[in-house]
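Listed next as structure tokens is one chain, alone, in the form predicted alone.
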């Protein structure tokens, strides 16, 4: 039975050497090992907390970015609308100015045409009057060349004056 059950002396020395080894390991090895495990566990917890905080900050930043993007889109639409309105107002003003200028030029042209027409009519009247005087002068010279005709013309003029 010696193989299954060790002697008391062997058992005692095995127990003593195991106890010494256990004391030495507990004193010098397990403390630092447990401390290292505790530190490692704490660093992992801290890393997880930091990762969670970073995730929350990222969500906050992402929502802030979305808000800024929406504001930028609204601002862009506002600027485009203002530019479009400005374009239409400039076009409208330019059309009005062009119409006013065209009307002004048209009125000036009409006035110039009227002046030219009045001048032409006046010139034609003067020419007609001059032609009439020349024709009358030639007719009178023809009629007044003879003394008997002069006397007859004078008498007819006097008779017409008396009748009127």
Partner chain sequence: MTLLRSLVIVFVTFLASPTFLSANEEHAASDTISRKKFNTGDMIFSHIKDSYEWHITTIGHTHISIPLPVLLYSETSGFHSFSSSNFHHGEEAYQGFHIASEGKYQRKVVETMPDGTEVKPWDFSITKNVTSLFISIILLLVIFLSVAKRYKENFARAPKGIQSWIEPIVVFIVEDIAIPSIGKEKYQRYLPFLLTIFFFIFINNMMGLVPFFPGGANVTGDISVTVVLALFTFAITSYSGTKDYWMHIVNAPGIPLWLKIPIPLMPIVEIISVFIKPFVLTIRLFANMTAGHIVALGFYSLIFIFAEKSIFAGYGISVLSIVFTVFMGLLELLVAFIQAYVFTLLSALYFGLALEKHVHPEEAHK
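In this text, all values refer to a predicted model and were calculated from it rather than measured experimentally. Positions refer to the first chain, counted from 1.
From this point on, the text means the form predicted together with its partner chain, which you will not see here.
- Of the residues 156, 19, 147, 141, just one reaches its partner chain in the predicted complex with a heavy atom at 4.5 Å or closer; this is 19.
- The partner is absent here; in the predicted complex, the one residue of 118, 37, 133, 69 having a heavy atom within 4.5 Å of its partner chain is 37.
- Contact between residue 5 and its partner chain in the predicted complex is found at the 4.5 Å heavy atom cutoff.
- Remark: residue 32 counts among the residues lining its partner chain in the predicted complex, judged by a heavy atom distance of 4.5 Å or less.
- Using a 4.5 angstroms limit between non-hydrogen atoms, residue 104 is distant from its partner chain in the predicted complex.
- Although the partner is absent here, residue 96 sits far enough away that none of its heavy atoms falls within 4.5 Å of its partner chain in the predicted complex.
- Judged by heavy atoms within 4.5 Å of its partner chain in the predicted complex, the contact stretch among the candidates 108-116, 53-61, 39-47, 121-129 is 39-47.
- In the predicted complex, not one residue of 61-82 has a heavy atom within 4.5 Å of its partner chain.
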